[in-house]
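Encoded as structure tokens, the following chain is the form predicted alone, with no partner shown.
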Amino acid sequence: MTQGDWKNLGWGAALLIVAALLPLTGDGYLISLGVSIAMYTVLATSWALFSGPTHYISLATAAFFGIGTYVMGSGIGYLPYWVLLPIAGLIGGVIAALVGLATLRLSGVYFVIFTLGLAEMTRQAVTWYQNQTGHKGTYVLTDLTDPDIYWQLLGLAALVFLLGWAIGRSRLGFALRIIGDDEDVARHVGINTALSKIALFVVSGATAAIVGAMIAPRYIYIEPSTAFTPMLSFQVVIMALLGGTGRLWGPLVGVIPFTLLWEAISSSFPNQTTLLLGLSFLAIVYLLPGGFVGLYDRLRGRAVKRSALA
């Protein structure tokens, strides 16, 4: 590890400790907001691990998240909570691997459409099963509080950041960057493009499933329309792209302002939240093509040029 790596690790640990102190304020609204920010940070960062370097836009987050909530809802009466978390991750990872084997040969809009359809197909399948068995939903009753869930999500976020840092410095991360630049070139130089993409898709899917399992007790009662809502997939994509996928911490920069704005609009104008999604898409396309990270890099590059010419 270089001196810069140790410095970044130290900053990350310091920010994590500060964030972990939030529940000590005792403010229920702040803690609830913290749970939302921590949840979206994990989802957007794990999404960017796969979609950032490969440029494959996945809208399957809601499918894996919903699977995680239903694993928790279905198993909480039979198994301990802490056993169900890795089970949710395992099931999410296996399904991601199967989906990846079937779809990662697709590219562009076809992959986007399939991943969007996956969430809807899963929701319809769960709805059909519940109708057949006479169930309309599932209760998830535990003694976990919002601070407990917040600390769990914070710990998972730390693991995802460490994993992303390790992948970025591995042969897998290098291979994914080449795939993102030109997949044909990557294939011709001997990179197993399918295996590389599936490996990161599994990480993203398993992480989203674990997040869904952690969040399930907060919902108390889950049903397909809330567990598999496609809005979640769009929110995660917008947050990651708004922050920028060029750096590991980029999605976090998008998550915080977007979540705060979403909460403000939801409380004052609950029917206008989709307008925020549309405006955010336009802002990303026309004003922030590389997100806040890209804007920061451009401004920094100009400052360096000006100082060199001075």
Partner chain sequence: MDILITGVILGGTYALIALGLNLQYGVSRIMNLANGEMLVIGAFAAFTLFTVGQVSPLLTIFLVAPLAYVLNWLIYRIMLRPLVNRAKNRGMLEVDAILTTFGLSFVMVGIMIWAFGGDYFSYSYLARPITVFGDNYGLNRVVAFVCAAILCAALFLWLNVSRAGMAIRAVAVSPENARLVGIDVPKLSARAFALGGAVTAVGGAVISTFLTLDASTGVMFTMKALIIVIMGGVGDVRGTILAALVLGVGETFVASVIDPGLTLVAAYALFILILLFRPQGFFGRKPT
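What you are looking at is a predicted structure, and each value in this text was computed from that prediction instead of being measured. Numbering follows the first chain given and starts at 1.
The discussion below concerns the form predicted in complex with the partner chain, not included here.
From the list 197-205, 149-157, 76-84, 121-129, the contact stretch for the partner chain in the model of the complex under a 4.5 Å heavy atom rule is 121-129. This chain is displayed alone, yet in the model of the complex one of A60, M39, L241, V255 has a heavy atom within 4.5 Å of the partner chain; that residue is L241. In the model of the complex, at least one heavy atom of L279 sits within 4.5 Å of a heavy atom of the partner chain.
Heavy atoms of G137 never reach within 4.5 Å of the partner chain in the model of the complex, leaving it off the interface. For the chain shown alone, V189 is not a contact residue for the partner chain in the model of the complex, no non-hydrogen atom being within 4.5 angstroms. Contact annotation for V185: none of its heavy atoms lies within 4.5 Å of the partner chain in the model of the complex. Residues in 143-159 all lack a heavy atom within 4.5 Å of the partner chain in the model of the complex.
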